[in-house]
Each structure stands twice: as C-alpha cells, then as structure tokens.
Ligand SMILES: Cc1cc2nc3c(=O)[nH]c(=O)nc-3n(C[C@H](O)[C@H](O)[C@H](O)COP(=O)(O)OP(=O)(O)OC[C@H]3O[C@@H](n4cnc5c(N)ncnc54)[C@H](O)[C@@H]3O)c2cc1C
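Only one chain comes next, encoded as structure tokens, the form predicted on its own.
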C-alpha cells in the first residue's frame, strides 16, 4: 500500500486541502485541532451544527479514568490525561475535574480483580476499601459487607460538550475551516487525491479523516465494518441536599451487578447527578432512532438508585445518545484498506470520549507523518476480535 505522509505545505496544490475531517464530534474536533495546530490546511465537514445532540458526544459530562480490565487502555490513558491538561492550558478553560472513583461489585467479582491487576501493572495506585471505609468517606452510598470496593484517586470527568467546542474553536484559531450542515454523501478515492462529495460540492484532499460516529458504517459501506449502533439512555437526579453530591463531596462510581449489568454515575454537574447503564441498548439507525427516553428504563435506574443512593430519589429527566459498538468493544483506528489516504477512527463503543484528545493526536500523526509512535495494533480493522472477557465497559 502507498503510505506516504502529507507533502510539504509549499507543495500544496491549489484548492486541495491537506486534510478533510468528516464529523465534528469528540474525535473529529480533536483531530481537526491537532491537524491545524501542526500547520495543515484543514476542512471539517459536519452534517449538523457544532455541538449537536444527535450522536455520541453531547451532554455535560463523560468519565475519565485509568481503571480498565484491558491493560493497554490504562497505558494509553497516561498520555490522554496529559493531552487534556494541555488543552486546558491552550484554551484557558477548566475541562477535566478530578473526583476519585469507587468500583463496586460482589465479593471477588472478575471485573474488579482485572481492573486492579491493570492498575497495578501500570503503576497506578488504588486501594481496596471496606464497606465501613466507603460509608465513612461517602455516606451517600448504602452497601453491604459482601461488596468489593476499589478506590482510585485519579478518576474524574470531562466537561464533554465544552471539550468538543473548545477543540473546534482552537482548530479554527489555527486556520481550520468548519462547514456545518454539510452532509457527506460519498468519498471517491480513485483519483490522484480522495474527493469528498456532498449534496452541493466536491472537495479534494491529500488525506481524509473519517470520524463520523454512528454514520461511519453507512459512509464506508464498502468495508462492511463490524459496527452496531445502539440507543443508550442516561438519567439525571436532583437531590434534596445538592451540596452532598457536588464533585468535591461525591465520586464517580461504577458497579457490576450480580447479573452482569454495568451501571455508572457522575457527580452533580450541569443537569444534576448522572446515572446510567452501560450497553444493552436496542439496535437502531442513527437517522431514525426514537430519541424519547423509555419509561421502563428510567424506572429500572430509579430502582437501583433507591437501593444504592436513596437520597437521590427519582430521576428528574433523561436523555438519549448513541453507541457505535464493535464486537470486542475495542476501537477502530486504521487506514482504509483500499485507500491508505483515508484514515478511520470509529467504533468507540461507549467508552471512547476520554481518549478524544489522544485519538486526535494519533490521527494527526498518521496524516502528517504516515505513522504514530502509539501502539494502535489492537485497533486495526483486520484484528482478530477478542471478546473472551465478556466484561462490559463504561460509557465515558
């Protein structure tokens, strides 16, 4: 395959961009920022408006964490944290908030054990707590003595919507052009340079970065990528004593229940305390998904909350977002197998947002240098899927 990097800017051909980014959500906005910062002439095409609520990147918060049952994610997070802090410095905005976290599960549950091993292997500190320690530190929880509780001090959350807007703002400051309400209909790679087609225009570019989220499978239909789009829902709670659930007094938490259900929560920020179930959503089309929350889902989360954090009472409202999932819940970060000038970042499976800052850097490196120093072998399209753990992961 041809794997050349971007030509020198002096060699740029008139009306041909260095890079076109398709999709301006979490991954696309970060890719645009890193590309523009590197000096590339960047065009971003977004089918809706910036900050829209139809995909996977909207809403106030996403979890950022080291704890993973797959060690390579824990290692990558070391750089992701740094990239987010660099974005804060570049923008002057607070975007990452540290709260610490507790992972809950039945005594000896395999997820907790795997997470602890990954943290230990990466040199990230964590502690097993007793139920007494948890209730002394965070009396909002109600737990029994047969629960494993793993504390990790570096966990927190990102101000998600603001992260996307900040990446786009800085990309534009570095010279990127963003075209909103511009639907990409096709990518033609048969010429000297890929041509991105919309309803009204055609744009040529030396590199094309596809970060189209739930629409990636449709846009790259020729690849038959193993992507499934599912409807996910999150609930928000307004406690009577709101001060007890602020980020300085309440942690991010996750729980693996006895029947394999994975739930998570984020302290009050913006719309309130956010609690949801990871996965198990209905398969949908991103164009026709019913975006009204399901009453039975809300009732299910309410029942969990009444048992675990009764002060939160019942959900005040809920919202819908989308996952774009791979069979093994690992990302796709790779070149198009038919045209290496097209780069793909997709299938973030409900746990990718925390990596946006890093994925943007990786996509920029692949486009400008033809390679990246980060090990992305686990994310190649032709990998052998590993679903052996059977352990779900958090939305972030």
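Remember, predicted model here, so these are calculated numbers, not experimental data. Numbering follows the first chain given and starts at 1.
The form predicted together with the ligand exists for this protein as well; it is not shown, and the discussion that follows is about that form.
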Have a look at 166, 182, 195, 114 for me and say which one sits with a heavy atom within 4.5 Å of the ligand in the model of the complex.
-> 182
Pick from 333, 63, 367, 36: which has a non-hydrogen atom within 4.5 Å of the ligand in the model of the complex?
-> 63
Tell me, yes or no, whether residue 343 is in contact with the ligand in the model of the complex, where a contact means a heavy atom of each within 4.5 Å.
-> no
Residue 52: touches the ligand in the model of the complex, heavy atom cutoff 4.5 angstroms | yes
Contact of residue 215 with the ligand in the model of the complex (heavy atom, 4.5 Å) | yes
Is residue 87 close to the ligand in the model of the complex, meaning a heavy atom pair under 4.5 Å apart or at it?
-> no
Counting only non-hydrogen atoms, which stretch in 298 to 306, 146 to 154, 125 to 133, 215 to 223 is within 4.5 Å of the ligand in the model of the complex?
-> 215 to 223
Does any residue in 31 to 59 get within 4.5 Å of the ligand in the model of the complex, counting heavy atoms only, and if so which ones?
-> 45, 46, 47, 48, 52, 55, 56, 57
